[in-house]
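In the block that follows, a single chain appears as structure tokens, in the form predicted on its own.
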């Protein structure tokens, strides 16, 4: 009998909610939460032997420790396939599923399968590394998403022919396979037919689809002379906020941004400001927040006349795990505020 193992976060592993997101990795023999549905969908020929559970924050902030611990759990286990999730639209969970699947695949050379919604940042991070099925936005899609993962897992375990990403339901991995067309129509005739349809505005399907790219035009350069007349704004995804995080911006998978008054400040002081970013060691930024929001350097430029002034507020959010859709929305909202204030130049500070 083939054997499978499933990875879950603390919520779906029935440990608890956000208050237990720092839960350390553990492995349980048998079925927990969604593992029961996975076992049902896999049937009698595959046994889900263990469920691994880890808190999203633990995996996000202590990633290598979490991965090493889970690998140690698996060292003496026999398994033929590894599942994770589904992660739906949860960014931290998606990142966790991607990280553990990638690590298990590299270490044990077994198939790995997970599922995420297209808004989950884990899709872009890991879709080239593994099979990620197109999942629903919430746990309401649990049964459907688990069924899709199980069905494909069975095809792999049974050495069945695997179809294209679109036909199977997972995100394209950028892998191109040569397929011999059974069509009696020669390639020259097919391409001319597509060309004529394109010229005439008729629908057609390319045999070599190219994924669309979301390209943002580069802003025109600002001349050095013009800078001396402009007020400059600071926008950061480095998570610098007043101590206590008054706007409750999430440390990962952010959906909020904050706006903080600096008109009377010449630099940002550790102990008054901090970073709440979960994607890097915060020690340096907490000791001197100017390393991310360089207010001290901008004040020096202002004094020297290199810039006309500094916008009285800086804007902050967190980039790690944040979906493209949320990032775009927050960017539009911040840009609207800056334009309304007459700001024509901003520096975007990352980490």
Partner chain sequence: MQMANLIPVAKSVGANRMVPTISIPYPLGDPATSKEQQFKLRYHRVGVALDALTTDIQEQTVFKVKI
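Numbering follows the first chain given and starts at 1. The shown structure was predicted, so the numbers you read here are calculated from the model rather than taken from an experiment. Between two forms, the rigid core is defined as the largest C-alpha subset superposing within 1.5 Å.
Just so you know, the form predicted in complex with its partner chain exists too; it's not on screen, but the next bit is about it.
Which residue, 53, 66, 307, 46, has a heavy atom that falls within 4.5 Å of its partner chain in the predicted bound form?
-> Among 53, 66, 307, 46, a heavy atom within 4.5 Å of its partner chain in the predicted bound form occurs only for 307.
Of 66-74, 296-304, 53-61, 28-36, which is the one stretch near its partner chain in the predicted bound form, taking non-hydrogen atoms within 4.5 angstroms as near?
-> Selected range: 296-304.
Determine whether any heavy atom of residue 220 comes within 4.5 Å of a heavy atom of its partner chain in the predicted bound form, and answer yes or no.
-> Contact check for residue 220: yes, within 4.5 Å of its partner chain in the predicted bound form.
Give a yes/no on whether residue 292 approaches its partner chain to within 4.5 Å in the predicted bound form, heavy atoms considered.
-> Output for residue 292 is yes: heavy atoms within 4.5 Å of its partner chain.
Could you tell me if residue 281 has a non-hydrogen atom within 4.5 Å of its partner chain in the predicted bound form?
-> Although its partner chain is absent here, residue 281 would touch it in the predicted bound form, with heavy atoms inside 4.5 Å.
Though only this chain appears here, would residue 113 touch its partner chain in the predicted bound form if you measure heavy atom gaps against 4.5 Å?
-> No, residue 113 stays farther than 4.5 Å from its partner chain in the predicted bound form.
What are the residues of 326-351, in order along the chain, with a heavy atom within 4.5 Å of its partner chain in the predicted bound form?
-> 345, 346, 347, 348, 349, 350, 351, in sequence order.
With the core lined up, does the C-alpha of residue 322 move 2 Å or more between this form and the one not shown?
-> It does, since the residue 322 C-alpha is displaced 2 Å or more between this form and the one not shown after the core fit.
Core superposition between this form and the one not shown, C-alpha change of residue 99 at least 2 Å | The answer is no, as the C-alpha of residue 99 shifts between this form and the one not shown by less than 2 Å after core alignment.
For residue 37, state whether the C-alpha moves by 2 Å or more between this form and the one not shown after rigid core superposition.
-> Comparing the forms between this form and the one not shown, which are aligned on their rigid core, residue 37 does not shift its C-alpha by 2 Å or more.
Relative to what we see here, could you say if residue 20 and residue 319 have their Cα atoms closer or farther apart in the predicted bound form, with a change of 3 Å or more?
-> It is farther: in the predicted bound form, the C-alpha atoms of residue 20 and residue 319 lie at least 3 Å more apart than they do here.
Tell me whether residue 103 and residue 325 end up closer or farther apart in the predicted bound form, going by their C-alpha atoms; the shift is 3 Å or more.
-> Closer is correct, given that in the predicted bound form the C-alpha spacing of residue 103 to residue 325 is reduced by at least 3 Å.
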